[in-house]
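Before any questions on how it binds or moves, here is one chain, the form predicted alone, in C-alpha cells.
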Amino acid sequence: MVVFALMIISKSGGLIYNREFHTGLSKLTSNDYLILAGSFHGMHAITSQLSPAPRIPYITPQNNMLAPSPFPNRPTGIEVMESSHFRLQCFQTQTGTKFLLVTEPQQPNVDTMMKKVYELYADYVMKNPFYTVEMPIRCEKFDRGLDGFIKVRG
C-alpha cells in the first residue's frame, strides 16, 4: 500500500508542513499546496458547523438530574474524502492542528497511521525548544521519523 503525501495545517489554516513520499498523483506546486490547505481548512470549518453534535447530558451526583456535560462534544467536520485514485484522511487535534494524509483508497489502518504521525509530531516537533508554534516545520528528526515509519508501511 502507498502513502502519497502528508500535509499539516495550523489552526489558523496555514500550511506548516507538506511532504510527498511517493509519486502517483499529479505534481502540485508549492502554491497549489497553499491553496489546497486553505481550501480544506475552510471546508472543514463549514462542515463542522453544518452538523453540530448535540450535547450529551450527564447525571450530577447531588440530585441525580441530567445536566449538560461540561466537556463539549465538538463536531469534527470533514474526516475523509475518497476518490477512485486517492483517499484524503484528516485528523484534527484538540488544538485545531489538522493532519492530512493522502493514501491509496485501499490503504488499511489509516487511523492508526495518523495517530503514529501525530506521536512523531508531538515527540520531535512540539518538544523541540527551537520550534515556534504556527510556523513552518523544519525538523530533521521529524523527517527521519516519518521516513522510517512510512517506508516500513510502504
Partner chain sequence: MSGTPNQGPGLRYPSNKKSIYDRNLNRTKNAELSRAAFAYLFIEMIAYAQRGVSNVGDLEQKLNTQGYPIGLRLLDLLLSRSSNPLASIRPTRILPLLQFIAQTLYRHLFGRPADALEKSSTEPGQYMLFDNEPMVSQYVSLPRELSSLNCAAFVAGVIEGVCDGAGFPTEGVTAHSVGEQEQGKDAKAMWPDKTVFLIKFKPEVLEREEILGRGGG
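Residue numbers count along the first chain shown, from 1. Model, not experiment: these values are computed from the prediction.
Not pictured, yet referred to below: the form predicted in complex with its partner chain.
Annotation: in the model of the complex, residues Asp123, Met126 and Glu140 each come within 4.5 Å of its partner chain through at least one heavy atom. When you look in the model of the complex, the only residue of Arg19, Arg144, His22, Lys11 with a non-hydrogen atom within 4.5 Å of its partner chain is Arg144. Screening 33 to 41, 115 to 123, 94 to 102, 81 to 89 for residues having heavy atoms within 4.5 Å of its partner chain in the model of the complex returns a single hit, 115 to 123.
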